[in-house]
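Listed next as structure tokens is one chain, alone, in the form predicted on its own.
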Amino acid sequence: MKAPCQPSDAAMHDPRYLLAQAIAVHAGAMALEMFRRRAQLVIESKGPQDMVSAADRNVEQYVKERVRAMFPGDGFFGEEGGADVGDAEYIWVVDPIDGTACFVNGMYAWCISIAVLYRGQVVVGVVYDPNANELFHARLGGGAFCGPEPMRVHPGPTLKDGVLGVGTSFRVGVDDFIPFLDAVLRDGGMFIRNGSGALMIAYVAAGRLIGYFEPHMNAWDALAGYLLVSEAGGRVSDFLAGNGLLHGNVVVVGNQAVWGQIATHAGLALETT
């Protein structure tokens, strides 16, 4: 097995870190232009609460072409195009528009999410919100930022001290989600769901949300935000356990104090990364 890189080695990832930021901003501009004329887009349904538009496909194709032009040997795993990774050491994991249902219905809760893995470890995470022009970004060992400003997770010691983000989908049953909400409310907590898990995880890194829980997310939605939260001083569950890259996993992220509270309310015994 290839050894994971260490934070002290992480500056080697800077070229991809800089490229991911540049790609996210340009891809976001493309998506925003299509958002403004969304009535002209062709919309398809991939299943309950799961839409795809021409914007998703066009943006992902742009990202893939930019990556391959600069790093032709890198693997690529996109929501729309699937996995093309081979035995590449670097793998780009991309959601061209996280929050497509919001996008096609004229709501602003959507973003571009780009993660880069090196030998199975997330080393770059970028989430870009074109509507707010906010670029959340992190490189392993280099800290987490919103634009030029450093980010830190919310300092609150309990769920009562902040707002929790939550998400769900028809990939899981109601019984995997409603009991969690019941436990949070009985504990005096508050929660929101805005339609973009990647954006809400970025908000955890920025200290706007105290944590985030979803019974199942796909890798392209979660991995960029995971590095943001970790580099902002937070705690995250081991998303890549059990082949989470290909099959997805449960998501529990938060500050060091509330992470265990979220996991307990979810009825989970989870390992952290």
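Since the model is a prediction, treat every value here as computed from it, not as a measurement. When you see a residue number, it is the position in the sequence shown, counting from 1.
Keep in mind that the form predicted together with D-MYO-inositol-1-phosphate (IPD) is not shown, yet the notes after this line are about it.
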| Can all three of Asp95, Thr100 and Gly167 be found with a heavy atom no more than 4.5 Å from D-MYO-inositol-1-phosphate (IPD) in the predicted complex? | yes
| Hey, in the predicted complex, is Lys160 touching D-MYO-inositol-1-phosphate (IPD), heavy atoms inside 4.5 Å? | no
| request: Determine whether any heavy atom of Gly195 comes within 4.5 Å of a heavy atom of D-MYO-inositol-1-phosphate (IPD) in the predicted complex, and answer yes or no. | output: yes
| query | Would Met217 show up as a contact with D-MYO-inositol-1-phosphate (IPD) in the predicted complex if we use heavy atoms at 4.5 Å? | reply | yes
| Taking heavy atoms only, is Asp221 within 4.5 angstroms of D-MYO-inositol-1-phosphate (IPD) in the predicted complex? | yes
| query | Of these, 169 to 177, 132 to 140, 149 to 157, 81 to 89, which stretch puts a heavy atom within 4.5 angstroms of D-MYO-inositol-1-phosphate (IPD) in the predicted complex? | reply | 169 to 177
